[in-house]
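In structure tokens, one chain follows: the form predicted on its own.
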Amino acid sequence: MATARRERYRKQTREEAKAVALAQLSESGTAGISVNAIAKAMGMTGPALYRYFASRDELLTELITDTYRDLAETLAQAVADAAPADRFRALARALRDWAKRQPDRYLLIYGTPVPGYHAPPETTEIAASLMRTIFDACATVGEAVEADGGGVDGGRQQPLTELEAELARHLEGAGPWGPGEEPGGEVKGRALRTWTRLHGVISLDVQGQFTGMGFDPSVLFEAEIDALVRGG
């Protein structure tokens, strides 16, 4: 019973430390995260908190894995709740909504890399599961276009572009897929274009780069979604 109490206290202390770290992140960015400052805010000494996190990098890893996991779960739920033809749009909108609700966490994983920090394997594994959701949603775009007879030449299979062929070669066997599940170069190309273009708009938006330009960034975002669905 005493062991269970200690474990509960340890978990509570770690969660409190992460909450304080997120507040520091909001105020000063990743450079402002300090184990000693977190300990002071919690009424502890620095050495005492180091019993819960061996280093700042360990604390950052916890924040990053929590953030990736939260985003992955959010996108997976959005896709699961949508009809097949709507999954791509649902994923894109859920990504923007999540980033707008918590821009500091968004920039933690998609902003400027933390100098000297190297992500451990567990963070890349979670990021891979997130990408699997994106690939699956991108695959439904092609299915919807083919069902409508859309696309070039009425939806008939087109030769791979140079980018798609390169991705098919470079990423063969390297993604989060089981046997027989790996998508082709066309879906990989669409997923890469989707990820870069949506993040381009979202990153500018959460950093306030559209402020004062006189238009609603959500309109631009929806236009990007429409263009990606059309293959533009």
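Quick note: we count residues from 1 along the sequence shown, nothing fancier. Fair warning: this is a prediction, and the values are worked out from it, not measured in the lab.
FYI, the form predicted together with the DNA isn't displayed, but the following is about it.
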property	result
Proximity to the DNA in the predicted complex (heavy atom, within 4.5 Å), stretch among 201-209, 31-39, 187-195, 62-70	31-39
Residue 18 within 4.5 Å of the DNA in the predicted complex, heavy atoms	no
The DNA contact at residue 10 in the predicted complex, heavy atom, 4.5 Å	yes
Touches the DNA in the predicted complex: residue 26 (any heavy atom, 4.5 Å)	no
